[in-house]
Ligand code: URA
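Quick setup: one chain, the form predicted on its own, written in structure tokens, and binding and motion questions come after.
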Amino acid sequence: MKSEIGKLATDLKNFIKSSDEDDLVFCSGKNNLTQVKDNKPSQAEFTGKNATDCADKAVVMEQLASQINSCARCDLGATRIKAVPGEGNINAKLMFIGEGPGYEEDRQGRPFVGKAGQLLDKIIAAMGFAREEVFIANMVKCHPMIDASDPDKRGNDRAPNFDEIAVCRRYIEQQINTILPDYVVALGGVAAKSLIMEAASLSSIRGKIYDLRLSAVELKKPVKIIATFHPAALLRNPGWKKDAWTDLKVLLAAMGRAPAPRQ
């Protein structure tokens, strides 16, 4: 099993390295931040600055959002209604990452606004945060559908596949490297196995804190990551809520915080 996971990780890294880098805003300790399209610099060009030196993170995040909104690197870009870059505090200490937008998110262009999002809001509040204090995003930025010919169909959501995550991964990595949160919460098995090298399954890593290591970006500072259930899974299996809360209390303890007082 370990050898299979290692091969998957290697394949993913090789895929990203071999992908073209046009219209990619890259911001890391070893690279200039430059937007390039058709081999021409964009109007906004930040040379000689890394993720922690960018004078205005908002500009970087806006550029990324613009690229995401016009992205057509995979088939999801052709069937979405709206791309969902992510939202929240660009200086957040805590970042939540799910798998991909669903029906409501596809229409609003915002992450976690359906029933699962309402539950996530309650979880965030129970942890003692406001939604505006954290940053929320997904591994892929467009709605993966079972039947892409019928985007208005309810219950048409599916998990993103390996190729879709590999193509879209550059965006979430750039967002993490720009925000540089102290902690990331991977919501569900798709996000956990995409971001935690040690992940053979969600059950094997839940509630444990790991060092986050990205595939194409070298983080300027250490970032920790923990995995728990996706809110949609908690809606389907309410009995798991207690386990998810146990995971998140591990995170709060590591952050030196206590849960919000019960109302």
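Throughout, we count residues from 1 along the sequence that is shown. None of the values given here were measured: they were computed from a predicted structure.
As for the form predicted together with uracil, it is not shown, yet the points below apply to it.
Contact between E173 and uracil in the predicted complex is not found at the 4.5 Å heavy atom cutoff.
Within this chain, F112 lines the site of uracil in the predicted complex, having a heavy atom no more than 4.5 Å away. Interface membership of E164, defined by any non-hydrogen atom within 4.5 Å of uracil in the predicted complex, is ruled out.
E87 falls outside the set of residues with a heavy atom inside 4.5 Å of uracil in the predicted complex. Shown alone, this chain has one stretch from 98-106, 74-82, 173-181, 122-130 that lies within 4.5 Å of uracil in the predicted complex by heavy atoms: 98-106.
Shown without its partner, the chain has N138 as the single residue in segment 138-165 with a non-hydrogen atom within 4.5 angstroms of uracil in the predicted complex.
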